[in-house]
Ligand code: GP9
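Before any questions on binding or motion, here is one chain by itself as structure tokens, the form predicted alone.
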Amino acid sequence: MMEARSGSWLQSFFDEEGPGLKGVFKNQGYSLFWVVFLSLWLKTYIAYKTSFEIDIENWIQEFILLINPVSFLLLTLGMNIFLKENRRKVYLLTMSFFITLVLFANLVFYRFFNDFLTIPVLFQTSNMSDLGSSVQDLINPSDLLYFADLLFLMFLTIYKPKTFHVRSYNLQNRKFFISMALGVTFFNLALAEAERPELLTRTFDREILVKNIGTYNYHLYDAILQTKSSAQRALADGSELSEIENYVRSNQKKVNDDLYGLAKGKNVIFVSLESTQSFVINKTVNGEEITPFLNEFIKDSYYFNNFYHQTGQGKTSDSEFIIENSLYPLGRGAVFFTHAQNEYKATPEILTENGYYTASLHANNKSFWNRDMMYDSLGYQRFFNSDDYEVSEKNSVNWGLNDKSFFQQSIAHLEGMPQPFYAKFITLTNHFPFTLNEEDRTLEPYDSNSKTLNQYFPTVRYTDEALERFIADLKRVGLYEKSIIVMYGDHYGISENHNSAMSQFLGKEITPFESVQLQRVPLIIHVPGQKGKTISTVSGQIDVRPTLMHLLGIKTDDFIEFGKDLFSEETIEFTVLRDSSFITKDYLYTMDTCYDKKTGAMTERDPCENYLEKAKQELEYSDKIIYGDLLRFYEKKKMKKERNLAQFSF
């Protein structure tokens, strides 16, 4: 009796009179649910194979990639069975549009960032108005094909309404459908977990998550993470600070007495070199130097040729955050957006307390990357933005005011600042899609299959020429000898999507090892009166603040920071990237593989094992500080300690 009943409702689900499969190709009309489901499944898999560079190692991973959209689509589209019959078609078409839009947004985002969207990134909509040609360059006409099925289905629904049928669903049908969808979900998760243990703890590697649970389920998981991170601040009580502080103190090294305070009282001029990677330094294109000025400037400066950017999805804003806080950026979104109201002890605040005037100069909209809010939290006294510059069509290119005009107009701002000052400049011209007016081009484009790489070299040269003029102007107004000048690359300009062209330029295959090596960016520190020196210490952006502070003679013993003084004779060569890759003096670790740096070949994991926990720990500690806003407790703790010391002294 039980079996008969079970068989009857199971049969009704797949019967042509039921809600399901058998009647899809019957004369009375097609099931819109299954047509939409199959269409979305197909185009998702096509996107995986054509637009996302997802590494597949075996047939099991390929099978998981094929089925991973199914559970989400079944559950999401299947909600129509709980709606009234006259609303089901509208629901299915609406969901088809939004799901396709999510897929399309990831596709466009991936083309430049080689990454998948996160919820914090979606909150950065205030940046969109300034993206201009960057977004246009990332969208191909063929992308419209992703919406073609939707338009066709809408046409049939409106003008050929009998093409699709609407069926009734009873309680048993609904129970079976939900059970089937959940069964597929658990099957997918079990298969993925077997193939990739601890899958859901590897939140830093979005490609692995998408490959195993799918784009759409990844976004649901991301929403859970966002909720969790939002709750962390409310639940934080500062008790975790002691553990973090002990870790930081145990890693502090003795400063170099010969260089400590070497630049005391000097002005500090910081220059963020947009999208500039180290592979352009001392290299040529078409027989000409790409960066002739920088090649000469580093001869009279400290040049760190093993220096890595450590940014995440926040790109330039992440580099600012790292440089000024000696904390890691977040693995999801940009700290400048998600945690602008936190308590920080950043470089501008520290230098203000030490008698410096602090300012940031950037000829862009003041709200871009939420800088107008974040700069208050970092302690800047002044933000010179696009309102402080004369910007016209004639002196603008790509993202706005060109670098030559930017530096030229900035000289007047520098001359008006009280000394000593800390002034940070953020360049714009060498930004994707690397467009340049013909009259401004002094280096011909490269010839490869990548338009992006081809155009990259002329814009790098343009910024190099702008820097040459800027240094000449600093000398002319008498600021050059009074200032320490720090130049650094903020993040990569050429993503992994252009590995084929990069392989042609470098003359070698771009392996995962070489891909990490390409994350090196220039760090140049010019101190008046000091001879130039190339330093090959493995280092990253997180090391800039302690290095600068010690040059200025400012003690950092009381700061919570993860960087190291690059001039210390006790410096440990170890740098962690935001994706948990790390580099040591002899080894490089990425994508669960250990490489020998001398040969670039894979080696046993043992040499890297000792650093795995340290890399994980540093990122986790930094995340806890940001998500929990823990530095608010640290400042209170310091004030209490100082009061107690004062009472004791009395």
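For every residue, the number given is its place in the sequence shown, counted from 1. Computed from a predicted model, the values in this text were never measured in an experiment.
Keep in mind that the form predicted in complex with the named molecule is missing from the display, and what follows is about it.
- Though the named molecule is absent from this view, in the predicted complex it lies within 4.5 Å of a heavy atom of just one residue from 297, 470, 72, 399, which is 399.
- Between the options 315, 578, 332, 339, the residue in contact with the named molecule in the predicted complex by a heavy atom within 4.5 angstroms is 315.
- The named molecule in the predicted complex is approached by residue 428, whose closest heavy atom lies within 4.5 angstroms of it.
- The named molecule in the predicted complex comes within 4.5 Å of no heavy atom belonging to residue 520.
- Not displayed here, the named molecule is kept clear of residue 456 by more than 4.5 Å at the level of heavy atoms in the predicted complex.
- Put simply, residue 302 is far from the named molecule in the predicted complex: not one heavy atom of it is within 4.5 Å.
- Heavy atoms within 4.5 Å of the named molecule in the predicted complex belong, among the stretches 444 to 452, 100 to 108, 181 to 189, 315 to 323, to residues of 315 to 323.
- Each of 364, 368 and 490 comes within 4.5 Å of the named molecule in the predicted complex, counting any heavy atom.
- In this stretch, 250 to 283, the one residue having a heavy atom within 4.5 Å of the named molecule in the predicted complex is 274; the partner itself is omitted from this view.
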